[in-house]
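One chain comes next, on its own, written out as structure tokens in the form predicted on its own.
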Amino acid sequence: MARFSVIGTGNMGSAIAGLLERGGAEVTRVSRDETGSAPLGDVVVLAVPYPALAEIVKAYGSQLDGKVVVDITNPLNFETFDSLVVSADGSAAAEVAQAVPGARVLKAFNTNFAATLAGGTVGDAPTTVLVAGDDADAKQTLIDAITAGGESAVDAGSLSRARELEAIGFLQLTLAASEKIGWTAGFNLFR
């Protein structure tokens, strides 16, 4: 089984690490203070806010080559909370892929809240994690780890779908911030 490193020890990082550990994965939790110095596993989950991505990717640089790198960010404008800050045809995940062309970049977890990942459900259904990326083996590695942890995962297509996933994540965040839904709610797929 792949070894995972989760960079970020906040709510999302803790929830993702817990999900992976429930499935039996070996997980190393890396604080942002350790960025650049901590050894990395086969799969690196960037569980940090969007503004921290560039710094972390730069700190690790070529150490990310050959690794599966999972971007969980929603690149929203935190000052106005009314728009995404990436180009209309781009995504945070595309920026990571461009910065580290030797990595196999995935977009996942950004359409989930920490509470639904930690609790494993949205309502009465298992939490669904949407996974986008261009490398089928990388996606399957992450999907297998998520399902081993008791949650559902769906291949959402190529990395170009990250833009739509970020739009869904943005919508969900704005609904929760405006108290139209709770932080234990979320979008889910029923199959």
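All residue numbers refer to positions in the sequence shown, first residue = 1. Note that the coordinates shown come from a computational prediction; the quantities given were computed from them, not determined experimentally.
The protein also exists as the form predicted in complex with a small molecule; that form is not presented, and the subsequent description refers to it.
Engineer: Just one of 126-134, 43-51, 157-165, 143-151 has heavy atoms within 4.5 Å of the small molecule in the predicted complex; which?
Structural biologist: Among the listed stretches, the partner-contacting one is 43-51.
Engineer: Looking at 139, 67, 32, 29, which is the one with a non-hydrogen atom within 4.5 Å of the small molecule in the predicted complex?
Structural biologist: In short, 32.
Engineer: Spell out, yes or no, whether the shortest heavy atom distance between residue 20 and the small molecule in the predicted complex is within 4.5 Å.
Structural biologist: Judged by the heavy-atom cut-off of 4.5 Å, residue 20 is well away from the small molecule in the predicted complex.
Engineer: Verify the contact flag for residue 174: yes if a non-hydrogen atom of it lies within 4.5 Å of a non-hydrogen atom of the small molecule in the predicted complex, no if not.
Structural biologist: Output for residue 174 is no: heavy atoms all beyond 4.5 Å of the small molecule.
Engineer: Does any heavy atom of residue 122 come within 4.5 Å of a heavy atom of the small molecule in the predicted complex?
Structural biologist: No, residue 122 stays farther than 4.5 Å from the small molecule in the predicted complex.
Engineer: Can you tell me whether residue 114 touches the small molecule? I mean in the predicted complex, with a 4.5 angstroms heavy atom cut-off.
Structural biologist: Taking the distances in the predicted complex, the answer for residue 114 is yes, it comes within 4.5 Å of the small molecule.
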